[in-house]
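Read on for two forms of one protein chain; each stands alone as structure tokens, with the labels structure 1 and structure 2.
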Structure 1
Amino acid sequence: MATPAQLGLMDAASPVMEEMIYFHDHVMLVLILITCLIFYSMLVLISSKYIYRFLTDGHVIETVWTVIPAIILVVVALPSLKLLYLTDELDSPQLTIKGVGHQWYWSYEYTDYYDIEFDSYMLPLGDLNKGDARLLEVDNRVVLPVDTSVRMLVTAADVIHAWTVPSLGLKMDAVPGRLNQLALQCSRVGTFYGQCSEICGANHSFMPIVIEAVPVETFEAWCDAMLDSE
């Protein structure tokens, strides 16, 4: 999860999020280049005591400062489009999970191999244990096997919500009457947090998402435990 005074993106926990971070660095290079150019130009212009009285036009420089930004845009757009299509790639998912947004909780269904359904409510302040994150913990977490391609189908039962997990680079609107698909793959074990990202009423800020990425054996044991408890 994000830490206090954090400035950058969260550490990536999926290959797609890693690529997003590298793309962010790429765009930052372009922005730094432009900002430094403009900053130096402003410095020179402000500190200069000369004015060129006979300046009327500058066809060459106008062509240059049209073509160069166009090239810069292409340099940004090409990796951007590559990443955009990468986020949509779903290569033979081994598991499909449905996430349904409600006011104001999420419910999950694992109906591939088992028939597991549960609701995921935010833990109120009084139920938190020492060290738990306020407004981020839930009673039932989404458990996923690590290093496994998962298809996440997101929808909603009432109003539009959005299922988000920043460290996995995931955000998808949960729209009633529509199934949106997400490709999900956790590269490392751990817990990953997210929050509803589409205004959905009074408790929009109080319906978080928590994912536990665990080894396959642990995931199977959890599935068995869930089936037994039902």
Structure 2
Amino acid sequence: MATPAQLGLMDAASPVMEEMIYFHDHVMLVLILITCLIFYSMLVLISSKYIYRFLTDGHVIETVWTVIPAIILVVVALPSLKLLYLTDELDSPQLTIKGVGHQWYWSYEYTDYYDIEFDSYMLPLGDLNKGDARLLEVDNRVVLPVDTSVRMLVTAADVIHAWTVPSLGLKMDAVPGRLNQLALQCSRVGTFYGQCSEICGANHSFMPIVIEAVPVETFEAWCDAMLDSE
């Protein structure tokens, strides 16, 4: 979860988010080098006392400042394309979950192995325990096993929503009448928070998403407890 005055990205909790952070650092390094070079060049030109007013062209320098930016763009574009296809990679998912956005809550269906369905509402302030996150806690969390390939199907029942969990590098629009899918895999045990990222009405800010990643044994026990409670 993000902290006050945080400047960087959240700690990665999935392989895809780790790659996103690597790509962010890669691009930031390139931008810093370019910015420093430009400011240095400006400083040298401004402070220089030498002027040659008969200079009208320079084929060499024009070639250089055309070719070098093109090379830089390729250096940035190749890892970007790799990451783009990596986020869309879905290979033999072991678990499928369907999330449906409503005004203003989420409902989830575990339909692969268990007939588990539940709604997830934001907890009001009066129901929060000590240490709970305001406007982020829900009454029913999405429980997932760690190191497991999960397919998330996302749709909506009324207006457009967006299922977003920054720590996992996930963001997918939930569109009525359309079933979008995304791949996720939690690489460590923990609780990860997200919110609807599409303005969907008056209570748009009050439909959080909470994912609890647990060991496989704990996930199986949770499934048994959910089935027994029905």
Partner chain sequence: MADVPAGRLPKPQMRGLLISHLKRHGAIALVFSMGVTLAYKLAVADPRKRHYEEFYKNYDVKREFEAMKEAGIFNCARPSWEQAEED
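Note that the structure is a prediction, hence the values are computed from the model and not measured. Residue numbering: sequential along structure 1, first residue numbered 1. What we label the rigid core is the largest C-alpha set whose atoms superpose within 1.5 Å from one form to the other.
Between the two isolated copies of the chain, the form predicted together with the partner chain corresponds to structure 1. Once the core is aligned between structures 1 and 2, the alpha carbon position of M42 differs by 3.2 Å; this is the C-alpha shift at that site.
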